[in-house]
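Next up is one chain by itself, shown in structure tokens, the form predicted on its own.
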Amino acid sequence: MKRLLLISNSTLHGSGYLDHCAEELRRFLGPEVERVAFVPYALHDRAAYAAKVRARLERMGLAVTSLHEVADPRAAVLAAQAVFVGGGNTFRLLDVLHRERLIEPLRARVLAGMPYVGSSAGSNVACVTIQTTNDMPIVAPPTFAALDLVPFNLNPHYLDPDPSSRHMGETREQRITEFHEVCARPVLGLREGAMLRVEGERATLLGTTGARLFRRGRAPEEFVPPARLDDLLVPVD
């Protein structure tokens, strides 16, 4: 049974790193997980990123092995009790996952039951593609195809339209509509403070804010946690 915790953001305004989701993260991993393999590839300074994650997760009783610190990242993934894929630039993250040949081992381990925690970019790459990320394409991965652990797309850090704004560019909702002009796959806009927990055929929206679900040809739907979104796990052609 695949198990994923897909978090919109790692830092919520007014709190520290992972503070807003720490309780849910530890509950999700359970007492049997003592060590986490960290994927730091979404940021340039991997050593500093790993140090930040290690300091926070150790306070939760979790030891951390960062993939940039080991000689064989694929072997580390295959031996991991759980994996945490951190946020940053989604294009950079996906590019390195492909170059390090980590897509297939990560996918196989998660489909076999290894817990997967993603934040922001780390949540994006759990989806079919990264086509609904907010990030700039600072590098060109060989494909937008990602881990395909869930049959939908996410838009982390989702922002609602601001009627008082003078900004004349597209809103997040308009950009998701553009995605639906070329793809029918649902998109869940996760506001900061929200997360989605997937266990088998069950998907539960958690957190303190909420989410908007976008489906092609339909009005967006609003969900407030806790809410069941099991229909998201049904593939759409």
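Computed from a predicted structure; not experimentally measured. Note that residue numbering follows the sequence shown and begins at 1.
The same protein also has a form predicted together with another copy of the chain, omitted here; what follows describes it.
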query: In the model of the complex, the residue from A82, I130, L97, V150 that sits within 4.5 Å of another copy of the chain by heavy atoms; finding: I130
query: Residue among H68, R27, H44, R35 with a heavy atom within 4.5 Å of another copy of the chain in the model of the complex; finding: H44
query: Among 49-57, 202-210, 27-35, 170-178, the region lying within 4.5 Å of another copy of the chain in the model of the complex by heavy atom distance; finding: 170-178
query: Contact label in the model of the complex: A112 to another copy of the chain, heavy atom within 4.5 Å; finding: no
query: R107: touches another copy of the chain in the model of the complex, heavy atom cutoff 4.5 angstroms; finding: no
query: Another copy of the chain contact in the model of the complex: N155, any heavy atom under 4.5 Å; finding: yes
query: Partner proximity in the model of the complex: P137 to another copy of the chain, non-hydrogen atom cutoff 4.5 Å; finding: yes
query: Members of 1-40 lying within 4.5 angstroms of another copy of the chain, judged by heavy atom, in the model of the complex; finding: T11, L12, H13
